[in-house]
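Encoded as structure tokens, the following chain is the form predicted on its own, with no partner shown.
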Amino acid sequence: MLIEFILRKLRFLLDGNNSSYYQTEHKDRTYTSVGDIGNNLDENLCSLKKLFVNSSDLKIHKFKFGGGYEFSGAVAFIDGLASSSTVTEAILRPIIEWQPEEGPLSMREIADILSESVLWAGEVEKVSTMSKLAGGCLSGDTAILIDGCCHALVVNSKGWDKRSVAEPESETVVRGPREGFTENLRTNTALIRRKIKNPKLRTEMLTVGRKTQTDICLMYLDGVADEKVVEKVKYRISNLKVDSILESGYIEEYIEDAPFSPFATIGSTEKPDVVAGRLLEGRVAIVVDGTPFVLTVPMLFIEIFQTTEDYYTRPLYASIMRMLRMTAYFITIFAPAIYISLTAFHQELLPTTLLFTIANAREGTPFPVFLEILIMIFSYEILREAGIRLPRAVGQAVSIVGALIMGEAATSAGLVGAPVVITVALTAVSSFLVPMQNESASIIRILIMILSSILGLYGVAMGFLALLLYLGSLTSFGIDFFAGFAWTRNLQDSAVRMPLWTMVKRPANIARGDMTRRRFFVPPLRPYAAEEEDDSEGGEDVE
């Protein structure tokens, strides 16, 4: 069975790029029935109803307009997606009140007059196929059909209910902006535009998903972002042949460089200021309609230890906090393995008093130390997942009470020793400092524990070296994942955060073209310094 499965996959990959599978694909939005719009209004409305299979939320309203000429027309929209007030006040009222001033007009001329002079809407598009008309309705627009005209007008009338801009719960800050992305695509792009008021901020729209037809917006700074990275992002997204894209996680899994890696090589955030900062460094943002999480590429390993508050607080304190996060990440991965190694293989490295304390605590425990820690870590993961999935008030109570009761009960019953509980608790608390890597840390922690239970500290060292080699082999859209630790000016914003006025250049491994961020100066700026020639603009980038 396994051999047959592998042969089928190879046959699928080698079958002429699967042209027979994709020959029914269309670049535009495609639906059940595709055809041109005819001259007869009733036939067009009948085709539209068949296209939507008589859906109850498709609303069609026929009307007369043009004064004594008595032209016939109809509007079609999806109830709940289009704004009723916009349909009534900006579309129907102006059309019905319009009085032609000239003599007999052709239907094509009427459509042009309505789109250019009559409708009170910011965006009007003329379409000639039923597929584009249906796509406009499904996007929240209103379609205007005129009897005798082989074109339809699609008017922007989007007005569905949406969540207001609020502080994201996953990225809370003490100092900094409190606004976060929502599930609305245009709201998210507007939040980014507010941060970067520059015409070189490019926005390109893509549509992915044969069934969902999800809108995706690529944002990047022209002249700053690497054109090769931009083209890679466009190519990987535009060539997706999938049924649905329901969240940015779908896109992340489809386009990442290392799909089987425990480490995410694509960044994600809910905060506009984070995306703006990454765009200014030369990255590309991927905004997906229907989710508040925006993706950014390429991503570096050092980003998991950086927060927005690092740039809003004093550089010395920000640097200390970064090193604290790195230490916490090391603890959450290696602390259980080191405890196993010291207690099971290298007792001579422990102080005598501490060794006797651990021996007394473990006296009578029925399991080896590896199994003790494995049981406690497994229990912690259960409690953490329960705290996330349950309602907030109940989840917090379950996590706190469960941890206290289980830890105390396990120690009192003699199932585990108190040092094991302390080690697992330290491991759990340390993981909270780097929440972006909880998934990868959980996997790597177990692997390092297995090595330490076999080889002791030698296994820990081997695991550490293997982890460094693996991280060094990863890439994110052609950029080395470990590049943030290279001996270049990137070290100004890696393990430590230098003062902003010293970081005059953008990251050399990410940005291209305009590499200069600011002119170097030592605060406070002299009064006449503003009149001096700014040598930071133009010129070549010098390492």
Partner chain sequence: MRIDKGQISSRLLLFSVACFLQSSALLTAFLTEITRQDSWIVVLLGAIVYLPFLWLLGTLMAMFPEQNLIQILDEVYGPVLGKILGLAYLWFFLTLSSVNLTDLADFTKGTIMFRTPAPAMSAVCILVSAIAVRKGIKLVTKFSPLFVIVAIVTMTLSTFLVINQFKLENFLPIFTLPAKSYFQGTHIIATIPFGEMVVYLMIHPNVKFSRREIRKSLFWGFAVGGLTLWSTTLRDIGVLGNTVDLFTVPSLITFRLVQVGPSISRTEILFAIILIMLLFYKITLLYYVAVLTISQLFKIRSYNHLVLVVGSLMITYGLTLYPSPQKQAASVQETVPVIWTVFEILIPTLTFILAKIRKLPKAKEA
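Residue numbers count along the first chain shown, from 1. Owing to the predicted nature of the structure, the values given are computational and were not obtained by experimental measurement.
Missing here is the form predicted in complex with its partner chain; even so, the following discussion is about that form.
Query - Contact residue in the model of the complex, from A386, L349, L138, I96 (heavy atom within 4.5 Å of its partner chain) - result: When its partner chain is considered in the model of the complex, the option within 4.5 Å is L349.
Report task. Select from the listed residues G456, P100, P419, P315 the one whose heavy atoms reach within 4.5 Å of its partner chain in the model of the complex. Result -> Among G456, P100, P419, P315, a heavy atom within 4.5 Å of its partner chain in the model of the complex occurs only for G456.
Query raised in the report: Counting only non-hydrogen atoms and a 4.5 angstroms cut-off, does S473 reach its partner chain in the model of the complex?
Result: Output for S473 is yes: heavy atoms within 4.5 Å of its partner chain.
**Report entry** D493 within 4.5 Å of its partner chain in the model of the complex, heavy atoms
**Finding:** Judged by the heavy-atom cut-off of 4.5 Å, D493 is well away from its partner chain in the model of the complex.
Query - Close approach of F345 to its partner chain in the model of the complex, 4.5 Å, heavy atom - result: Close contact exists here: in the model of the complex, F345 approaches its partner chain to within 4.5 Å, heavy atoms only.
Query - Non-hydrogen atom contact V174 with its partner chain in the model of the complex at 4.5 angstroms - result: It does not: once its partner chain is placed as it appears in the model of the complex, V174 has no heavy atom within 4.5 Å of it.
Query raised in the report: Looking in the model of the complex, is its partner chain within 4.5 angstroms of a heavy atom from every one of F301, I304 and M323?
Result: No, the candidate spot makes no contact with its partner chain.
Query raised in the report: its partner chain isn't shown here, but in the model of the complex, which of 208-216, 434-442, 456-464, 161-169 has heavy atoms within 4.5 Å of it?
Result: That would be stretch 456-464.
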